[in-house]
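Shown below, as structure tokens, is a lone chain in the form predicted alone; questions about how it binds or moves come after it.
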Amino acid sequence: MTDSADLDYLDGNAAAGPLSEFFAVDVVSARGRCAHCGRTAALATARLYPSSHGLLLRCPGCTEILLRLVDSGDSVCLDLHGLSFVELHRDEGGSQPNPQPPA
């Protein structure tokens, strides 16, 4: 017997449109909250530590890791575990995100 709750979802492909809007913008203008200290600011205010392995963004308030980006050549891995959220603002038309200046 099939549980009706199993029929009330779509697979991850259904998220392609909304996620492509989010990831197709200049994300450093987005605001994020540090999962460690709660500081909320534009990602452009974070401290970048580049290395041969990728990028590391740290919170300027508590220096905890916000984001890791590793490019292995044939794939890219993005780790956002240090951010409790990332927020983009849209323009008045609502169709395109509107970059906000760093606070």
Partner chain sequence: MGIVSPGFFGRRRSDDPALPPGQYRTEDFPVLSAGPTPRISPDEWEFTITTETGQVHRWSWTEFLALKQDDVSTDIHCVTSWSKLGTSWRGVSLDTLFESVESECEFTMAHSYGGYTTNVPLDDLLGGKAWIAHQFDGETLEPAHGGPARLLVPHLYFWKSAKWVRGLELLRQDEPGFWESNGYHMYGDPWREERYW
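A quick note: this is a predicted structure, and the numbers were derived from the prediction, not measured. Numbering follows the first chain given and starts at 1.
There is another form of this protein, the form predicted in complex with its partner chain, and it is not shown here; the text below is about that form.
If you check its partner chain in the predicted complex, you find a heavy atom from every one of 50, 58 and 63 within 4.5 Å.
Not displayed here, its partner chain is approached by residue 77 to within 4.5 Å at the level of heavy atoms in the predicted complex.
None of the heavy atoms of residue 35 is located within 4.5 Å of its partner chain in the predicted complex. Its partner chain in the predicted complex comes within 4.5 Å of no heavy atom belonging to residue 28. At a distance threshold of 4.5 angstroms between non-hydrogen atoms, residue 39 is out of contact with its partner chain in the predicted complex. Contacts with its partner chain in the predicted complex, taken as any heavy atom within 4.5 Å, map within 68 to 87 to 68, 69, 70, 71, 72, 77, 78, 79.
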